[in-house]
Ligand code: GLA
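Consider the single chain below, provided in C-alpha cells and representing the form predicted on its own.
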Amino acid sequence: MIINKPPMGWNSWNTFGWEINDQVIRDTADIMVSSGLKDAGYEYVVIDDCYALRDRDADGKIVPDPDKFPYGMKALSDYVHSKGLKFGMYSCAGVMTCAWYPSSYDKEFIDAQTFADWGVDYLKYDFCNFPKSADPVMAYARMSMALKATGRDIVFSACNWGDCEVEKWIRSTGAHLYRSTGDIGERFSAILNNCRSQDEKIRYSAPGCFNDMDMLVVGMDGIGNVGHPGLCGDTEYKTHFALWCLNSQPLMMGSDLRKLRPEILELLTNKDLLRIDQDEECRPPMYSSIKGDNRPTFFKHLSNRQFALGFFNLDDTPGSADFRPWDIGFPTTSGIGMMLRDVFTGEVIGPVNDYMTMYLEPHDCRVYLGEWVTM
C-alpha cells in the first residue's frame, strides 16, 4: 500500500476527547459529505482515544464501550463507508493508552486483526506509557507488520511526538506518516512551536511516509478538549492552515464540524491551498529569509512548473515579510519573471523578477500560486 499524498480527514480528539460516541461519528460523516469536505478531499473519519471499556474480553480483544457505541464498531464503520468515506481508529504502543485504556504493547497482532475485522482503514498509534526498557523502533515495526498481516489496507499513522529521532527510522518500519512534534493546542504559540520545530525534520517527509505536525485546530473557536477561548481567530486559522499546506502536511481537522462557520469551511476547502498541500511532488519549502525570523517567506516548487510563494508575519506587531529571489536560485538577470495569483483573493500580480515586500498585520499571511513567464 502506497500513500502518495498527505492524508486528509477528521479526528475526534481535539474537540471531543473523552466525550466521543456513535452519534458524533455518524453526524460528522454526514456533514463531511453534505458540506463538500469529502469532495474537497477529506476522506478519513478517525476515532481517537477513550472509545473502549477499561478491560479486554475473555479472548483478549479490545471491547468498544457499549454506552458510547451501542451498535459496535463494525456497524459504525459500515455507516462511514456507506458515505464513501474511510474509517479510522486509535491505539498506542505503550502498555496503556494516554487516557489509560487498553493498549497494544505486546498485543499488536490481536489488535490489528480486531481493527481489520471492524473495517478500519486508518490507525493512529500513540506513544504513551511506553516501557523505558523497550525499543520504540521494534514497537512500531511490530504494529506495522501486524497491520499488513491482516491482509487489509490500513494507513499506519505513527505518533511518538518526534521522540527517539523518529524521522531517521520510521520510514523503514512501513509507517505511512509520523508525528514529528508534541501535541498541538488551540494557541498561536503552539501552532508556531510545532511548525518551527521542523526545520531539521521536514526534509525526511516524502511520498510514502509523511512528516506530521499534528492535527488542525482551525475553526475550534475555543470549544473542546484542546480549545482555548480567545487565543485564535480567523487570522490565526488562516496562517495555521497555510503553513500546514506549504509544508505538505496531513490535514486532519479537529473542530466540531456540526458547528463549522461558513468562513472556516471556505478556508478548509480552498482549492489553491489544497492543491499546494496535495501536490504530487510533495516537496518541502525553501526559506527566503533568515532562519528564525518572525516574518519568513516560503518558496515551494510544485509539479507542472508551478510554485507557491508565501509571506508570513508570525509576530505580534505589524511588519513586512520580503522575498529575495537570489536566495532561492532565481537571479534578477535570468530574463524570467513570476506571475502570481493570491490564493485568498484571486488578485494577480506580475510579472515580477526582483525583490518583493509585503506588509502584514500580526499573525497574517499572503500566499500565491505562481507560474514562470519570459520577461
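Computed from a predicted structure; not experimentally measured. Counting begins at 1, following the sequence as shown.
The discussion below concerns the form predicted in complex with the ligand, not included here.
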{"item": "The ligand in the model of the complex: contacted by all of Y90, D126 and D183, heavy atom 4.5 Å", "value": "yes"}
{"item": "The ligand in the model of the complex: contacting segment from 309-317, 45-53, 27-35, 64-72, heavy atom within 4.5 Å", "value": "45-53"}
{"item": "Position in contact with the ligand when the complex is considered in the model of the complex, options C159, C245, L85, I154, heavy atoms within 4.5 Å", "value": "C159"}
{"item": "Contact residue in the model of the complex, from I276, L147, M220, M215 (heavy atom within 4.5 Å of the ligand)", "value": "M215"}
{"item": "K300 within 4.5 Å of the ligand in the model of the complex, heavy atoms", "value": "no"}
{"item": "Proximity of R179 to the ligand in the model of the complex, heavy atoms at 4.5 Å", "value": "yes"}
{"item": "Contact flag, V95 vs the ligand in the model of the complex, heavy atom cut 4.5 Å", "value": "no"}
{"item": "Heavy atom of L267 within 4.5 Å of the ligand in the model of the complex", "value": "no"}
{"item": "Partner contacts for 231-245, taking the ligand in the model of the complex and a 4.5 Å heavy atom cut-off", "value": "none"}
